[in-house]
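Below, in structure tokens: the form predicted on its own, a single chain.
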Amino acid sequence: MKCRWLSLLLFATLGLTACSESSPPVHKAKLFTLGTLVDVSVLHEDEATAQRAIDIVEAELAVINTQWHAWRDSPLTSINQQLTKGETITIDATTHAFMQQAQQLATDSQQLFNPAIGSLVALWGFHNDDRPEDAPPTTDKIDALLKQAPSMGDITLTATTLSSSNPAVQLDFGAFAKGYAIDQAIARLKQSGIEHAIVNAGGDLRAIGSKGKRPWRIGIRHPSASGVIASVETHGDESVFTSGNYERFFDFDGRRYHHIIDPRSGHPASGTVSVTVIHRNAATADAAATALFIAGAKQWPQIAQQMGIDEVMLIDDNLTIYMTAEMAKRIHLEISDAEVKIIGDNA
């Protein structure tokens, strides 16, 4: 069989093909969960083993989606109702680990990744399955929430309880739960004996192993045109996450308002159109992509360093491409006319 690449576009359905006759067959499933289409692709000789692993992943993702949904009735919406009342909530070990990881990432990002601003996200109309159709919220409403300054630092966490001193804290893990879910899915695949696979949730993914005798090759969406702007090959076990202003947005009076809210201003973050992060841990990559998007072209190197992120590509609203030196060693740009700025090894 003639080997050929099918780029894995971060905005489209995953495409796979084996690169030699000796490669294991690919077993694929498409699931709609976590608010997006999830592609699970497993390379394994035994179809029954692959299918059992995929079924386990499907069940795991369904549980996580139910647990952490921010606006449909869920354990998370119940937690938010109790936080508003100042109540102490009893939690299990899984919830404790989830919350602890989110708190640490918020601290490392200087609260630019801030899951406590669920009220702001809802105010902008993004607690909805459909695109918002109303006008942007008024400055008075935004300022009223900003004055209460909800953050993950307001949460007191013990091994069995969760509480907050700030009744304005409303949790929304839209910039973390997908990555967490992918990490859990990959863990289940590994436990099932799977060594080569991709779990791709709406373009954000984690890949393990390889595609036959070659690495997985990932295409990164162009933020303002059709096709890809860059591609990268994964090394063994890596996550690739992108945050962009084209993912969830609405237009009003000729202006676009996207869903990545800057917790400092209460408005959609400006100056950035796309951030791609590579990291072993998908939850970290997910949170970092959001935090670096908000940080923007001037602040992102500092935040990346604090979060332990070595491989970043940020594109600003002039389509200038900023990259860490580590990312520059790996990325293959698919365009030739971009201005590229490489940040030193300490970024």
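One rule holds for the numbers: they count along the sequence shown, beginning at 1. Computed from a predicted structure; not experimentally measured.
A second form of this protein, the form predicted together with adenosine monophosphate, is not displayed here; the remarks below concern that form.
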property: Of 200, 239, 114, 164, the one that lies within 4.5 Å of adenosine monophosphate in the predicted bound form (heavy atoms); result: 114
property: Single option in 247, 195, 87, 154 placed near adenosine monophosphate in the predicted bound form, where near means a heavy atom within 4.5 Å; result: 247
property: Segment assignment from 72-80, 215-223, 257-265, 182-190: heavy atom within 4.5 Å of adenosine monophosphate in the predicted bound form; result: 257-265
property: Contact label in the predicted bound form: residue 290 to adenosine monophosphate, heavy atom within 4.5 Å; result: yes
property: Partner proximity in the predicted bound form: residue 312 to adenosine monophosphate, non-hydrogen atom cutoff 4.5 Å; result: no
property: Contact flag, residue 42 vs adenosine monophosphate in the predicted bound form, heavy atom cut 4.5 Å; result: no
property: Residue 175: touches adenosine monophosphate in the predicted bound form, heavy atom cutoff 4.5 angstroms; result: yes
